[in-house]
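Next up: just one chain, as structure tokens, the form predicted alone.
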């Protein structure tokens, strides 16, 4: 059965645009067929503990003899990796906070990006290689070429690097800018553009879910 792993990380359960867009994708995915399943994880309402031990970042086979890792921490890491590897498509709601990722999403990355298990290290191990990762980026302002904030988005590149380059996944990004245009006075002139991008992101999410769900 085609399985979607759906992750949300916005701190706003009601008005979040990233959550709204990922919900559109997940709903369209379910409508592809009764066999299309969704595994959902809300990283904000049920946050993962911060990575507790540096040796968790490595497989047991390469750790030094003196390394001692708490069994419950390793079990959590392994369960998150198993959940990831069971997904045919990964959907991530990634709002930009302080020009980077939500800390809850970074914690998830720490658990699933393990050289020699999910990423290349001592052999050709990339179980997620070629599988699609759909990242919904919501950003409060705009980051166009030539604007004062050009290049200030340090969240999207991290996900492209970790999921795309390191895990070998096929990246599909959906971006909605100006999510704060109706709240921040200095962005008021761009409310229409923000609403247009939001609508376009919904349409893109629905279409991409059908495309990937039919593949």
Ligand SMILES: Cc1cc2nc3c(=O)[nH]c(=O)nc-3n(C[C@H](O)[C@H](O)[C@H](O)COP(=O)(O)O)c2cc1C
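Residue numbers count along the first chain shown, from 1. Every value quoted in this text rests on a predicted model; they were computed, and no experiment measured them.
Missing here is the form predicted in complex with this ligand; even so, the following discussion is about that form.
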query: Proximity to this ligand in the model of the complex, single hit among 117, 141, 84, 133 (heavy atom within 4.5 Å); finding: 141
query: Residue stretch of 68 to 76, 89 to 97, 125 to 133, 103 to 111 approaching this ligand in the model of the complex, non-hydrogen atom distance within 4.5 Å; finding: 89 to 97
query: This ligand contact at residue 192 in the model of the complex, heavy atom, 4.5 Å; finding: no
query: 4.5 angstroms heavy atom contact with this ligand in the model of the complex for residue 48; finding: no
query: Interface membership of residue 19, this ligand in the model of the complex, 4.5 Å heavy atom rule; finding: yes
query: Residue 179, heavy atom within 4.5 angstroms of this ligand in the model of the complex; finding: yes
